[in-house]
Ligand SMILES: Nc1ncnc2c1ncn2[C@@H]1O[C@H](COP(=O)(O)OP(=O)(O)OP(=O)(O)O)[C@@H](O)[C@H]1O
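Below, in structure tokens: the form predicted alone, a single chain.
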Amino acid sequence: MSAAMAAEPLVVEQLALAFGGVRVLQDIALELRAGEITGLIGPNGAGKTSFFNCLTGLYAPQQGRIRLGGLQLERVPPAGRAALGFSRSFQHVALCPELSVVENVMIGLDRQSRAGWLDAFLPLPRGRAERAANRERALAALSRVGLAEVADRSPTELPPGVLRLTEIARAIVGAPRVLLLDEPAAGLNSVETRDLADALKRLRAPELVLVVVEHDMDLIMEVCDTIHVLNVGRLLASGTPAAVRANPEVVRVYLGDDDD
């Protein structure tokens, strides 16, 4: 992949999604740029997770286009988008308790692995070499989020903040072009949220489109370069954290007054 291709934005044009008579997203148009951390905020039911599901191909919008650089994605299924470099986390952490932290992260490389089922049962050189290489990549991903020291620990021994960062390491181990994080601070305390903020800042890279859905406004305002605000399925505002915080409509429908 060339540097020029990797730096292309993810562009959404007039996106609309409805279930039955319920309009979930209406005429969403925005550009998600590589090299930035983009925040997506809004009240519950604003359409944030549905928007993520449209980006990854889980939902098929009735209107609009999604393109990564010059590549139109409407006809690309979820597996195809994953092959193009889409990766995401979900609101609830889902790690395998029988595996170590590093083994959980290695799961993120399964799609890229070439060894077959026979290599899983027999000590063939090809399988051993690939597993060793995957472990090194997983350790590098853990280092990026500050978790190298817990690589061989069990998830059952670790606090929620570490588990969340482990999930993010699994999402980045395959070197994605687009990384979508759905409420990564959910259930974290203030110290864990600080660790998460530091990790997100380290993930900012010229070749990565990084989008975060989050309700923790302190986190969003600290780490994001651009913020988009959804309300009842429509794009209410876009801009820098300072501009969004000062937008009277955003304050009215979502942020609230400091005295409230």
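Predicted model only: the values in this text are computed from it and were never measured. When you see a residue number, it is the position in the sequence shown, counting from 1.
Another form, the form predicted together with the named molecule, is not on view; read the next lines as being about it.
Could you tell me which stretch in 31 to 39, 198 to 206, 217 to 225, 48 to 56 has residues with non-hydrogen atoms within 4.5 Å of the named molecule in the model of the complex?
That would be 48 to 56.
Looking at 237, 24, 11, 251, which has any heavy atom no more than 4.5 Å from the named molecule in the model of the complex?
Contact residue from the list: 24.
Partner-contacting position among 189, 156, 72, 91 - heavy atom within 4.5 Å of the named molecule in the model of the complex
None of the others qualify; the residue that does is 91.
Is there any non-hydrogen atom of residue 103 lying within 4.5 Å of the named molecule in the model of the complex?
Residue 103 lies outside the contact set for the named molecule.
Report whether the minimum heavy atom distance between residue 183 and the named molecule in the model of the complex is within 4.5 Å.
It does: once the named molecule is placed as it appears in the model of the complex, residue 183 has a heavy atom within 4.5 Å of it.
In the model of the complex: members of 27 to 45 within 4.5 Å of the named molecule, any heavy atom:
Contacts from 27 to 45: 43, 44, 45.
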